[in-house]
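In the block that follows, a single chain appears as structure tokens, in the form predicted alone.
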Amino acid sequence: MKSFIDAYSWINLRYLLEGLWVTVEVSVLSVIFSFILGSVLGIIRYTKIKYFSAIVGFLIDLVRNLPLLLIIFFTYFGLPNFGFKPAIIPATILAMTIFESAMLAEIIRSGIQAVPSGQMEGARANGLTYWQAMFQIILPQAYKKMIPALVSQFISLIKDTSLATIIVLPDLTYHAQIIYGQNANYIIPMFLALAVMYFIVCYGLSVLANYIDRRLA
């Protein structure tokens, strides 16, 4: 019991919160960048631009079938061989963005396909160009349909940031490892703290998404 109390000292909790801030920072930036890039890739796949869409589709399938751990490893240890050496946090954000963009691209493509074709035909009949109809009519409806799938993917992204401990990302998991590495009696308390903190962040995002979904409905 004493080990539990000692494990949750203010110094250790503050250290965990510092790691949680890094986790949230990396997650938020990765979500923003991957959503933008994933939307672009998903639209390209949907529009079936000759040759280009096929190439993009191949790259998406390639990334989706690679382990995220391998992509993280390559961005940090492989890119320096090509003259680009990112720091730990930018390397993690880049890896997460690449991986999640490929995942989101398929979700977004499927969401666009779920919008009835009559919506595009009606927009074009009213004088809108293809791209005006896509951005003003189709995508807003598609994104509403995609909210549950997008949130699920974003929650997975938050949890996947723990994989970046392989490149010593100072996130929540890594900080917990540092703490219980100094005292083996802190292992269970630290894993419990990790579970609680990850749950709060992920469940909070889920509640927010449900609220937005209800408002949009």
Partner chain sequence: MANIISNHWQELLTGLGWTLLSSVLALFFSLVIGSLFAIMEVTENKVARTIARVYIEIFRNIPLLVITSFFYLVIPLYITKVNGFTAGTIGLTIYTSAFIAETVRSGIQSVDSGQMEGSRANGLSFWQAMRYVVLPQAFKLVIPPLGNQFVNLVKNSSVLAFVAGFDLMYQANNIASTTFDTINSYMVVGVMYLIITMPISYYMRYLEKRLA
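Since the structure is predicted, the reported quantities are computational estimates derived from the model, not experimental observations. Residue numbers count along the first chain shown, from 1.
A second form of this protein, the form predicted together with the partner chain, is not displayed here; the remarks below concern that form.
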query: Contact test in the model of the complex: M103 vs the partner chain, heavy atoms, 4.5 Å; finding: yes
query: Contact test in the model of the complex: I32 vs the partner chain, heavy atoms, 4.5 Å; finding: no
query: 4.5 angstroms heavy atom contact with the partner chain in the model of the complex for L208; finding: no
query: Contact label in the model of the complex: A195 to the partner chain, heavy atom within 4.5 Å; finding: yes
query: L37, V28, A149, I166 - the one with a heavy atom within 4.5 Å of the partner chain in the model of the complex; finding: I166
query: Residues within 4.5 Å of the partner chain in the model of the complex, restricted to 172-194 and counted by heavy atom; finding: T173, Y180, I187, I188, F191, L194
